[in-house]
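Single chain ahead, written as structure tokens, the form predicted on its own.
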């Protein structure tokens, strides 16, 4: 009986090891293990043409913040204008707009794996990458030259470049389609007003959907809906929130709506606004709270918003000024400040690191 017990134990451990090994596949996507946070990264955009984009790291264990974390780990700066940051699998991707690069690093050590160039070699001009999203083993990067590039997350090679609308910004995925907000921002005042739809099977644009002027933020929400936040022309055309049904690609709703940026969490959306963050119910299409901050904490220049789905905490990035250091505030579910972290210049995004 004892021999059988140890044989069974050995077999069990072998099966556990096999499962663990199989989880490390070529498709470098998110794992299924429970999420336990070790800290978070802050992408500090920096000032345009100042070459001072940076990465900060806040450690939950010792409640300390490390500034210029990327530079410390790699002996060089991050570059000019950090615009987006995402963790996918074991890698972290940092989109550096004016430097025309996507930095790919080990998510835990921040050691560089590869710097992907976004320079059009034929035209010898920078593509100006903006945002990044993921689907299966592909990364999709929008760029101001009117393209979305497809990167294989295993080889980190750009496999294809898809032409979309003018000055594309944020992207969202629903029903095996990629929705790309074409702002036309570089053609001011002649803005674009379309959302490109890319079929994720053929990796080609299949249509453009007309929305309000200057769409910049697009997010997938409940029931297959796509929410598009358009800024307008900063004059007589006001900001607008449009809703697209991803099953039919029809615009089902469009209304004037204030608030910048947009983050969807379940049935709620959160919009940056003067002094704080607005909460909006997507099911009733109504404002729930004009400001989720309940303790009077003043946000001078709201510059970024993140939600931790593990802890239920809200993180608000405050640029404070457009020249000095910024602050990231952590708020609990009750809207009260739990702590604040000193950041670099123009903190714009927070991403959470698991143990």
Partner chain sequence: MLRRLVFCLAFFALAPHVFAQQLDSVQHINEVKVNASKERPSLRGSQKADTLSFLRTSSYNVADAIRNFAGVIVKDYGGIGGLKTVSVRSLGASHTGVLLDGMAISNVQTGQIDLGKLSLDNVESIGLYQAQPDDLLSNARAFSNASVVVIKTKQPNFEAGRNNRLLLKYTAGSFGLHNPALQYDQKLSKKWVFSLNSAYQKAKGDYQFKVDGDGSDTLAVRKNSAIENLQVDVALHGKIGESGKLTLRGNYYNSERGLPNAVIYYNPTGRQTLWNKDFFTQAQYQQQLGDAWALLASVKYSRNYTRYNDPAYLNLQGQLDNRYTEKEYYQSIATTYKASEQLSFNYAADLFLNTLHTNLYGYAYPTRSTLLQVLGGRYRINNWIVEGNILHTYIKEKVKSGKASPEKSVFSPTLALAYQATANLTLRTFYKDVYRYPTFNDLYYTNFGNRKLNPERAKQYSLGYVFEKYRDSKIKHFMLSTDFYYNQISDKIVALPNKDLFIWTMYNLGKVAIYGADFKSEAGYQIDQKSTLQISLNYTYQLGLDKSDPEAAVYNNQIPYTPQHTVALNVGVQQARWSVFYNQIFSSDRYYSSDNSRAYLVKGFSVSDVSACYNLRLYNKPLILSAELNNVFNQNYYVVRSFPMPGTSIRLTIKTII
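Please read all numbers here as calculations on a predicted model, not as lab measurements. Numbering follows the first chain given and starts at 1.
Keep in mind the form predicted together with its partner chain is missing from the figure; the text below concerns it.
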Next on the checklist: Considering non-hydrogen atoms and a 4.5 Å limit, which listed residue (267, 274, 135, 90) is close to its partner chain in the model of the complex?
Outcome noted: 274
Next on the checklist: To verify the annotation, which of these, 205, 279, 145, 249, has a non-hydrogen atom within 4.5 Å of its partner chain in the model of the complex?
Outcome noted: 145
Next on the checklist: Given that its partner chain is not shown alongside this chain, does residue 101 nevertheless sit within 4.5 Å of it in the model of the complex, heavy atom to heavy atom?
Outcome noted: yes
Item to check | Contact label in the model of the complex: residue 285 to its partner chain, heavy atom within 4.5 Å | outcome: no
Checklist entry - For residue 330, is any heavy atom within 4.5 Å of its partner chain in the model of the complex, or not? => result no
Next on the checklist: Taking its partner chain as it sits in the model of the complex, is residue 80 near enough to touch it, meaning that at least one heavy atom pair lies within 4.5 angstroms?
Outcome noted: yes
Checklist entry - So, 219, 256 and 335: all three within 4.5 Å of its partner chain in the model of the complex by heavy atoms, or not? => result no
Checklist outcome for this item: Here the chain appears without its partner; judged in the model of the complex, the stretch of 151-159, 174-182, 106-114, 70-78 with heavy atoms within 4.5 Å of its partner chain is 70-78
Item to check | Sequence-ordered residues of 214-237 touching its partner chain in the model of the complex, heavy atom within 4.5 Å | outcome: 229, 231, 234
